[in-house]
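Just the one chain here, laid out as structure tokens, in the form predicted alone.
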Amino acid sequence: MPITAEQQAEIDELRANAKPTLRAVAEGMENHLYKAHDVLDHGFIRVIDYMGDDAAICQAARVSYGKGTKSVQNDEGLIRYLMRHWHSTPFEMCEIKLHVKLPVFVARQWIRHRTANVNEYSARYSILDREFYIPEPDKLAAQSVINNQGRGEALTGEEAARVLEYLKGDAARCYDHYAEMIDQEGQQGLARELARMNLPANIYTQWYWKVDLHNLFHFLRLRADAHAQYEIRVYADAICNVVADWVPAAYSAFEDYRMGGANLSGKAIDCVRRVLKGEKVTQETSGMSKGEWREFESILNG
């Protein structure tokens, strides 16, 4: 169960004790505040706090020449302009703080995004729970034959069953040894900071993760992409649902220009122009490598 009874009681208490505020609030985000959204088998995300909304982005962009126009249409147009022209500072005026429960190996991918403030549950002071990520059978896949960091076809039959047993058995055995090493009944007990080295990478950890909207969009552009690893992509998808309710105009522009758009090199643009003029262009005449050409074709063909 991702949320314990104690955590749910805390969430219920926080949501029951609403406080008046003079600051701007986003109604869509208020509906998410403190609520836990389940991810994977034991994970979740929940919003702890946030600052700003779509209007805050526009306010920051207009600060150099006063309040300016305030209509919804003009605000949406301005946000789309800012997104289209890669302006970053106005989006940095919005921030979100998330409580995330995730497998350690996912956390090690996630922490590569170094533009956030992070405070992680410490296994030096506390004992980690006996919770491990075990993939659903259809998520067990072989190594991709065209991508060294991706997965290919799903495993089937006896091989899939054997892999699942290994994952479950190894995780349980490692945790048993961890618990035995730190136990102080009849022995000194190994220090927690040392015993944790024996824990598997699929054990769950937790952290608070605070990030501004500009850097959050960068995270989501990479991790909510169809090519991202499934186990981090489902977290990014859950965050996308929250952000869409928090800053709908900004998220719509992000979907259009970042998730739905594409960056083309000078060579790729030249190829498009040549095709529009009726010329037949091939990889050999494009000036691109085979890898570049394959990516270019995937953009054009969808």
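Don't overthink the numbering: it's just position in the shown sequence, from 1. Keep in mind the model is a prediction, meaning the values are calculated, not measured.
The next section is about a form of this same protein that is not shown, the form predicted together with a small molecule.
Asker: Can you say which of 166-174, 135-143, 179-187, 218-226 gets within 4.5 Å of the small molecule in the model of the complex, counting heavy atoms only?
Answerer: Contact-bearing stretch, as computed: 218-226.
Asker: Report whether the minimum heavy atom distance between residue 87 and the small molecule in the model of the complex is within 4.5 Å.
Answerer: The answer is no: residue 87 has no heavy atom within 4.5 Å of the small molecule.
Asker: Tell me, yes or no, whether residue 80 is in contact with the small molecule in the model of the complex, where a contact means a heavy atom of each within 4.5 Å.
Answerer: No, no contact at 4.5 Å.
Asker: Would residue 149 count as touching the small molecule in the model of the complex under a 4.5 Å heavy atom rule?
Answerer: Yes, residue 149 is a contact residue.
Asker: Wondering, does residue 113 line up within 4.5 Å of the small molecule in the model of the complex on heavy atoms?
Answerer: So residue 113 counts as contacting the small molecule.
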